[in-house]
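Just one chain is shown here, as structure tokens, and it is the form predicted on its own.
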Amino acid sequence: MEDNIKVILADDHQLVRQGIRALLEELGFIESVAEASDGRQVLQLLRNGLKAQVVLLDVEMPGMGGIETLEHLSRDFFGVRAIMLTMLNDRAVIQRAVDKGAKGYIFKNASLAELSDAISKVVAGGTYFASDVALALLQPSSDAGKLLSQLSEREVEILKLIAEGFSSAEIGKKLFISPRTVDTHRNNLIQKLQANGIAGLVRFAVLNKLV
């Protein structure tokens, strides 16, 4: 169990938590180390020393919801990655979640394969957003064409791969360049697109239908 990916489940419905936990146990390489009914319990578990790599967060929970929990996770628990697992398909909520540091956003009706893929990619340093999270909801920014015109073909290629959740090492292997070169391109993209880190790059790519 030592090498398993350790996950905290946060949802205010016990039956939902039990169902998700049962699904995760089928995968064999993921260990549900704790459950919480709201964000405060998640933070308390981590402050008490519980080790986890991923928190699966519902958006709407009494006490402390998922978005507010994200703010604390990003500030106080840098190594813990959050995936929003919800039925809430609202463009404003999705954008806030990405802005606050969510590394993934998927729906509760996702398949076990998609949930597994999301957790694996996020733990590897990437991101995972369900294909219909924002494509049909959010409109591209008015100056998107101008911003895109500033990018080279290689930068657009790397932007797409970042948005698909690949890490610098994975992108480097795909494009036969070093991870350091990928990081340089990524930093250039952040500057050119005036993005708020990787989350901003992912949002830009999604909004402008690059993925």
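From 1 onward, residues are counted along the sequence shown. Bear in mind that the values here come from a model prediction, so they are computed numbers and not experimental data. In this text, rigid core is short for the largest set of C-alphas that superpose within 1.5 Å between two forms.
Just so it is clear, the following notes concern the form predicted in complex with the DNA, a form of the same protein that is not shown.
- Although the DNA is omitted here, in the predicted bound form none of 40, 48 and 74 has a heavy atom within 4.5 Å of it.
- The single contact residue among 193, 9, 198, 24, judged by any heavy atom lying within 4.5 Å of the DNA in the predicted bound form, is 198.
- Contact check for residue 33: no non-hydrogen atom falls within 4.5 Å of the DNA in the predicted bound form.
- Although the partner is absent from this view, residue 187 contacts the DNA in the predicted bound form, with a non-hydrogen atom inside 4.5 angstroms.
- Interface residue remark: residue 177 is counted as part of the site for the DNA in the predicted bound form, having a heavy atom within 4.5 Å.
- Of the heavy atoms in residue 64, none are within 4.5 Å of the DNA in the predicted bound form.
- Stretch 169-177 is the answer when you ask which of 50-58, 66-74, 24-32, 169-177 has residues with heavy atoms within 4.5 Å of the DNA in the predicted bound form.
- With the core superposed, residue 18 shows a C-alpha displacement below 2 Å between this form and the one not shown.
- Once both forms are overlaid on the rigid core, the distance between the two CA positions of residue 162 between this form and the one not shown is 2 angstroms or more.
- After superposing the rigid core, the Cα of residue 37 is displaced by less than 2 Å between this form and the one not shown.
- Closer approach of the C-alpha atoms of residue 91 and residue 151, by 3 angstroms or more, is seen in the predicted bound form than in the present form.
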